[in-house]
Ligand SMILES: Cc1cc2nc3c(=O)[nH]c(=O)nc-3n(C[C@H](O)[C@H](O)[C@H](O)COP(=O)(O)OP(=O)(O)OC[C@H]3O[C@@H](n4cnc5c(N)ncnc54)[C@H](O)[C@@H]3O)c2cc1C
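Only one chain is included here, represented as structure tokens and corresponding to the form predicted on its own.
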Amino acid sequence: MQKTSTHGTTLRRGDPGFEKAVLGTSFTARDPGRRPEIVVQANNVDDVVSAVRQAALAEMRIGLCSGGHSWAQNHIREGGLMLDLSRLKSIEVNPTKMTATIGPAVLAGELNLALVPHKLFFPTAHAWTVGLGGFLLQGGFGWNSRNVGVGCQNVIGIDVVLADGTLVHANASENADLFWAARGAGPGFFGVVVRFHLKLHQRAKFIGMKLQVFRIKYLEEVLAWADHVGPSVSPNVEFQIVMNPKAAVINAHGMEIVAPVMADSWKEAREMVAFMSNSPVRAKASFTLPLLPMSLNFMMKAGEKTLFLSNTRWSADNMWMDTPIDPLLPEIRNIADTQPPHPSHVLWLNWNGPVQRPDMAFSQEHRTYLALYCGLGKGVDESNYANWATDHMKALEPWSRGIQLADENLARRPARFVSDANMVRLDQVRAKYDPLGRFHPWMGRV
């Protein structure tokens, strides 16, 4: 082990603490089997510059990690240098300009708490411990994103270390092509973003959630209703269904209809979620929680404690769809019938995004979203479920319109995650800023 010139720690394969440093960067307890040659734990921007230059001199490829919530453990590659950014956690809020500047390792929950005293808001990740670096680069499907836009849409500038170790700023008018690429390239981005400059929003006067729970036997009826009513649901409501082997209250295989809502008043919010009370399937619900005010902090932590458990081996896959759900129901029933034990779960999300977004690499979103999360705890035989998410998504490929990078499984199932035109443009910008391929591209792509 040795220190870098500016206090960051460098660990080489075989050094004491190397294994812990590699596996400690990952939210999932799965060991991917891959190992870099070097891990650099950066303390500051100077450390990042030094590490990138070190990699260039050694002709090494670079993998990046901020919060470690990559299901596929994209940052842990075979060989090369892994740059751990988890100590870059600065937060600066300018309430007057309604902007913030953050380091890539700031967690979603940390940013949310920093904004509460100013009555400001940013569409952070839903789980408290998600690092915002990876979240913002891949798109950022966050709180109230149907209303205020995905996370990357609310990024107004970046400070980035390029492949030659140069630190530059990029925004809509300066290094605009680099800025374009950073908003949606995800784990294939070809630079190290050390600071994100964010546009903030006024915090909603009312934040709350309504919940209904159905037993899994009603799957087809509930999903058909949800698919039908989804396009009419207010963008202030995050209308989603979670298929959970231990659904809330019933503690059995069921579906949780979860509807967080942000509005100007409790009265307005009740009107926005009235579709759940007035639905034709309402009488079949085993439990209904009326709309109650809840803080984002509570909802973020509650979600992690019930679904995204630690010490769990995770894998995931996903797809966007535009067609009505009816022809998919037999396969979704098969997904439910073969679902691994808790905390594994399935997410159906009503998205129905806007017709137009700003010009950015992010370019893949459709009517509804389906994601499978396989989470295996100690004592669960992985061989029984290793291919659950991948195989079921392969079966649904005829209806798929591509994927989103947050839940990517590209090493095992390559799929389209930006428009074809944007992929061509991304490759052109990559060739300009990283001509030697210093930064790893997306997994599954050389």
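Residue numbers run from 1 along the displayed sequence. Because the structure is a prediction, the values reported are computed rather than measured.
Below: the form predicted in complex with the named molecule, not depicted.
Peer 1: Would you kindly say which of C152, A204, I325, V130 lies with a heavy atom within 4.5 Å of the named molecule in the predicted bound form?
Peer 2: Checking each option against the named molecule in the predicted bound form, the one that comes within 4.5 Å is V130.
Peer 1: Between A361, V192, C374, A269, only one gets a heavy atom within 4.5 angstroms of the named molecule in the predicted bound form; which residue is that?
Peer 2: Among A361, V192, C374, A269, a heavy atom within 4.5 Å of the named molecule in the predicted bound form occurs only for V192.
Peer 1: Would you point out which of 192 to 200, 165 to 173, 243 to 251, 272 to 280 contains residues with a non-hydrogen atom within 4.5 Å of the named molecule in the predicted bound form?
Peer 2: The contacting stretch is 192 to 200.
Peer 1: Using 4.5 Å between non-hydrogen atoms, is W71 touching the named molecule in the predicted bound form?
Peer 2: Result yes; W71 sits at the interface with the named molecule in the predicted bound form.
Peer 1: Is I38 a contact residue for the named molecule in the predicted bound form, using a 4.5 Å heavy atom cut-off?
Peer 2: Close contact is absent here: in the predicted bound form, I38 is far from the named molecule, nothing within 4.5 Å, heavy atoms only.
Peer 1: Is there a non-hydrogen atom of G157 within 4.5 angstroms of a non-hydrogen atom of the named molecule in the predicted bound form?
Peer 2: No, G157 stays farther than 4.5 Å from the named molecule in the predicted bound form.
Peer 1: Determine whether any heavy atom of F27 comes within 4.5 Å of a heavy atom of the named molecule in the predicted bound form, and answer yes or no.
Peer 2: Yes, contact at 4.5 Å.
Peer 1: Using a 4.5 Å heavy atom cut-off, are G208, P235 and M262 all in contact with the named molecule in the predicted bound form?
Peer 2: Looking in the predicted bound form, the three residues G208, P235 and M262 all stay beyond 4.5 Å of the named molecule (heavy atoms).
Peer 1: Relative to the named molecule in the predicted bound form, which residues of 29 to 65 have a heavy atom no more than 4.5 Å away?
Peer 2: Residues within 4.5 Å: L64, C65.
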